[in-house]
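As a starting point, one isolated chain is supplied in structure tokens, in the form predicted alone.
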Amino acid sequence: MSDVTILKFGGTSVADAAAFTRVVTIVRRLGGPQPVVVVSALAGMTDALFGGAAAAAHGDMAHARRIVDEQLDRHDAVGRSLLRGDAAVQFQHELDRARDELTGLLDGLAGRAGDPAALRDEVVSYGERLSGSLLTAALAAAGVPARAVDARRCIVTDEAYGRATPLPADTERHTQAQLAPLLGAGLVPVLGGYIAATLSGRTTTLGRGGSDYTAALVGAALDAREIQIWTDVSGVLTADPRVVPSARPIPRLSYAEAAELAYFGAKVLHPKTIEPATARRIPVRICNSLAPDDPGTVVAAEPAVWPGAVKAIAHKTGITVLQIASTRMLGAYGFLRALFDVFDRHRTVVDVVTTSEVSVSLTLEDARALPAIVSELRALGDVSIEPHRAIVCVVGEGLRTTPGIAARIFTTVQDINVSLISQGASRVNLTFVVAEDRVHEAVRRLHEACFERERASLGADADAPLGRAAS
């Protein structure tokens, strides 16, 4: 393991000049001997650029250009506040160049000149490219020897524009080639997250929230000592604080717990972040850029069982349940393969699956291809659809081996209809589906039963096994 620390800063951590100043302080104080910085676009910029691309594709170039001008003006304001002399002039030139290039890309979208998905990735890549340049200049202005690195020279992917998949061996080789010489020279590399490129050099993106994934990929390639995800909350919480205001940070999670929480709704960590870290056993720490001295949450290989077993409750809305019933399943083989081949052809992810002798129930979050999927599934059996559902995921090491957990959970929500239950597929979660309009009620009740009441009964020892982990 190297002395490299990856520090990834999300959009809210670089929202304005004051936020950039805080980031500079964090890198200097907490970056360790060899920091590598990964930064997202300024808060709201990626959404804005997607909006500009959509406006251009619909022929409204005036609106598209207005969006670009507004976003570049935000960068201009931050640059004028933080930079002086040659650094300020150089950043102004970069903004002018970005304006010209973005105008050309938007014209291409309006004129249908090229693959729209590829052009869209090129447009939205400017969020991270500009924030990376701006943060590099801000660090240099504060005396930190930073060097901007185009992440497209490090992260290599397939050609699935908008949701590209990294090619691990190529990514590791390219990342080491780009960053190792800089680290050896005592420089601080600064990369934009989320963006990547194909082997032929075409710009791709890793999907929304993909900057966390970039940090993990870079950390794995450099065998980092720790990956730090800097956001606007002090770690992973026991529930969504917008639903449960009393939710509190979790000091420690296992890789398995963090992966389940990220996948099923915890917004502070991208679902794919854990995989590269797990492969190299690199700790991941979720920190608050507004409160950098808070311990945050450490995600590591060693599990820690919380009293009562339940450590967090996540939920995900916008779910559709499909049920496929067919007597062909009785004593047959190959049915499930034929069923899941349908979802594979339509590149649609299935979240939760349960089966009986003659039926399969499953959930989808991405319903864009639903009509075509249902049409193909009807060749296999009768298909029913339940829209407007939500997944509730109760997570904790020890769930499978702690008696009475399921009884306590379902007693708590006994008057809320549960349409699908999955337990045992993972040692750390119990998942079920409810109507979307009752999910907040279910989460609040479960949090009260599993944390407020449990904490009151256990007293001061409730958090005893969960002290801050060493980096």
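Keep in mind that this is a model prediction, so the values were computed, not measured. In this text, residue numbers run from 1 along the sequence as written.
From this point on, the text means the form predicted in complex with a small molecule, which you will not see here.
Student: Could you check which residue among 209, 276, 79, 271 gets a heavy atom within 4.5 Å of the small molecule in the predicted bound form?
Tutor: Selected option: 209.
Student: Ok, 443, 53, 41, 36: which has a heavy atom sitting within 4.5 Å of the small molecule in the predicted bound form?
Tutor: Residue within 4.5 Å of the partner: 41.
Student: Would you mind picking out the stretch of 179-187, 113-121, 209-217, 147-155 that comes within 4.5 angstroms of the small molecule in the predicted bound form, counting non-hydrogen atoms?
Tutor: In short, 209-217.
Student: Consider residue 46 of the chain shown here, and say whether it contacts the small molecule in the predicted bound form, taking contact as heavy atoms within 4.5 Å.
Tutor: Yes, contact at 4.5 Å.
Student: Do residue 128 and the small molecule share at least one heavy atom pair within 4.5 Å in the predicted bound form?
Tutor: Although the small molecule is absent here, residue 128 would touch it in the predicted bound form, with heavy atoms inside 4.5 Å.
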